[in-house]
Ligand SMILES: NC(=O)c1ccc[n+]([C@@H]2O[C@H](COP(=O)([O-])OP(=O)(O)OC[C@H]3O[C@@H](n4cnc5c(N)ncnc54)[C@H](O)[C@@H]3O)[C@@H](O)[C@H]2O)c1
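First comes one chain, alone, set out as structure tokens in the form predicted on its own.
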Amino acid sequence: MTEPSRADRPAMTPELIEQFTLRGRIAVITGAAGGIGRQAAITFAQAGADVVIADVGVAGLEQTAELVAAVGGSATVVPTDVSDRDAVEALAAAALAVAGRIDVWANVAGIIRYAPIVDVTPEDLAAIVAVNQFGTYWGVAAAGRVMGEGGSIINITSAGGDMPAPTLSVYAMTKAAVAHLTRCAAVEFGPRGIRVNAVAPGFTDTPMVQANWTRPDGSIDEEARARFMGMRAAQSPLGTTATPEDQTLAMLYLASEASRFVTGQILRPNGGVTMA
């Protein structure tokens, strides 16, 4: 029997597509002024969600809102310092004002600073922990306080939380903590029908990592960028690195009904660099 051509095969059914839609849902995304957070806002909007976007960078948030509008979505801008518990609670209140509920909350905000352990300053330690660890904690708490059945909380951890790397001890420590917070919250919130999962990106080309090839004057060293990207790609069995969209498609799965039986899990879109 002749196998049908791809053109003759049935398309995805509406019922299957519906499992991945966020139509009519309200999604809060922190760290949305750029990088993975910005792309999450765009991806979620493309899937039908109204997004509430938060970050300390107001100009970046406005640019993200414009990009969301360009794909036909709606974005509410709420400048927020996630290290401030009261600010995160105010973000939740602002999101509730949009439609009276929050269906998805993505804790994407994070910072990174490179330093050997012996050179880490108290200021560096406090800053990274405040955003990556406390900021995620306050986001999980705020979402868990107001979400109803069917809610999805998505945290961002990192491949750095799975594997040791020089100069990244504080960042890696906070991301490992986020992974375990995710499991704890999944246990606490599960009886209320709220799922809590995390995405642990491998190396992804975002503004956060551009310090590796940026000169002191702010210009880009293209040779250094090519070397660094080649080194990172070589660490993956696939021989490549990720784009922000690679990460946000995993987030979309966790946000949607397609993952309704998934909680307490860490998805690792990392090209096989780590295999837990």
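We number the residues from 1 along the sequence you see. All values reported here derive from a predicted model rather than from experimental measurement.
The same protein also has a form predicted in complex with this ligand, omitted here; what follows describes it.
Contact with this ligand in the predicted bound form, judged by any heavy atom within 4.5 Å, is made by just one of A65, A250, V209, M229: V209. Contact with this ligand in the predicted bound form, judged by any heavy atom within 4.5 Å, is made by just one of I194, L168, V129, I111: I111. Contact with this ligand in the predicted bound form, judged as any non-hydrogen atom within 4.5 angstroms, is confined among 116 to 124, 156 to 164, 141 to 149, 94 to 102 to 156 to 164. Within this chain, I42 is remote from the site of this ligand in the predicted bound form, having no heavy atom within 4.5 Å. V82 belongs to the set of residues with a heavy atom inside 4.5 Å of this ligand in the predicted bound form. This ligand is not shown here, but in the predicted bound form it comes within 4.5 Å of a heavy atom of I36. Although the partner is absent from this view, T182 stays clear of this ligand in the predicted bound form, with no non-hydrogen atom inside 4.5 angstroms. For the partner-free chain shown, P201, G202, F203, T204, T206, P207, M208 of 190 to 208 come within 4.5 angstroms of this ligand in the predicted bound form, judged by any non-hydrogen atom.
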